[in-house]
Ligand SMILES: Cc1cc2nc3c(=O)[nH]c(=O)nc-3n(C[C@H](O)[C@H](O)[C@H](O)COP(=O)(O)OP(=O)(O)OC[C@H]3O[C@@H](n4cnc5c(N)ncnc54)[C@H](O)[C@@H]3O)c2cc1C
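Next up is one chain by itself, shown in structure tokens, the form predicted on its own.
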């Protein structure tokens, strides 16, 4: 029986164990949620479909009209995840992700405005707020009377969140808050800010706390709208706190636990970004297929050419796999699993990179037309580029993924226990705060047991593809063990092998999600299930080739040469070879 408080599919995988009960069968939306979503989609269609030309103009102007924000409020776009008792729709993670997917089909700036509010802006209140705090603010957040923003990033603190300078000092019945926050989505329209500030000694890293800060408090101000590459119509500003007296009852969660709160918020809200990515990919596939059929070259529609079909086929595979990953993570959350940080981080990396490839290929299929501003391709390319940066850069998240998983394995290797103790508490300059996890009893040193590295619940016809997963799982466990034995406490500085391990884990989780989704489709039947099997066949082959390459390059690689070339370029501050 799986313990939902401690089970983590990916953490177990690094020790050679496939906890298939976590991912099989594939999670499904409840019928009640489906009915509610159908009603929501009707409202979204009425609000957003007629505005294609307006979205283009707002992008060029870099501003979303206040009148449209009011319409968003009236339709209820800010109440998706807020419980019904407080006036919201009470969506779980899967229904919320699906709603964001639908919004993203129309416009990324609108999706980001809604996501910044629900995914992270007021998520801390949902997760850590007291009953009194929820009664005070959630009704206003549900109607959009208050729009929320998440204030963590600072001019000198991005991925290294523990180095923030904003401080809050307790003075009797209030906290005195001073500092500046940078690149705050919804900053210009928000009146509810989840703010993170240092509450320990000035010289301490970490020791931060979370606060609810409302815009009406004296000393709160925002800067001008930022001129961005993409999602230009969404509001992004600086937010300043100048000796703001924050009432003591605005403290969110426990004092000094702000770092864990921030990470929990980001992990919990990642299905919104994933859902938005899926929606944009589906939109791009629709545009590309129509374009390919309509555009004629050499007296034939370009859809007849194999290289165009290759692009569209890979876009379909990426979209299917991304939707499987995003829905799996949201399903884990809805089912009550507590340890999904690694899986959530994987979903963010995978979704953002699949969307980027899809947007690039869609523009390529459109050719010169795709480069012109009259059509949506170039805007969608600009809009989706931010996804690989915000809510944790993909580089940082890759290190987070691998180091979290290696934590358990390191604890199993007794000869390394002393040297590894404490290393994983601050894996990437404090970006990730690792919780205590129940230690698995299996020991890599004693050898892997194939019985724990096998799927037994998948449809029998998928045995060949399941074997690819099982063999890679064993290789992953051995590679993790080998890396830890080689580097010991110095693993934090070994980013190349760590990244390769993370890439294997990303492929494995995506493959597990696709296997589960296709297996469930085969069990239930349905339209075009044979095409789903074809998608699995392609994706499994792609993942296998990538994983084999990553495993091979963990020890035999050109890493030292690459580092040397980079060091030379950094010293020269230029490209050295100029033929003139």
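Residue numbers count along the first chain shown, from 1. Computed from a predicted model, the values in this text were never measured in an experiment.
Although not depicted, the form predicted in complex with the named molecule is the subject of the following passage.
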(message) Can you work out whether residue 386 and the named molecule are in contact in the predicted bound form, taking contact to mean some heavy atom pair no more than 4.5 Å apart?
(response) yes
(message) I'd like to know if residue 119 sits close to the named molecule in the predicted bound form, meaning any non-hydrogen atom pair within 4.5 angstroms.
(response) no
(request) Answer yes if any heavy atom of residue 390 is within 4.5 Å of a heavy atom of the named molecule in the predicted bound form; otherwise answer no. (result) yes
(message) My question is simply whether residue 185 lines the interface with the named molecule in the predicted bound form - judged by any non-hydrogen atom within 4.5 Å.
(response) yes
(request) Just one of 456-464, 239-247, 504-512, 146-154 has residues with a heavy atom within 4.5 Å of the named molecule in the predicted bound form, so point it out. (result) 146-154
(request) Please pick, from 180, 214, 133, 495, the one residue with any non-hydrogen atom lying within 4.5 angstroms of the named molecule in the predicted bound form. (result) 495
(request) Name the single residue among 396, 366, 82, 189 that comes within 4.5 Å of the named molecule in the predicted bound form, judging by heavy atoms. (result) 396
(message) Pick out the residues of 226-245 whose heavy atoms come within 4.5 Å of the named molecule in the predicted bound form.
(response) 228, 231, 236
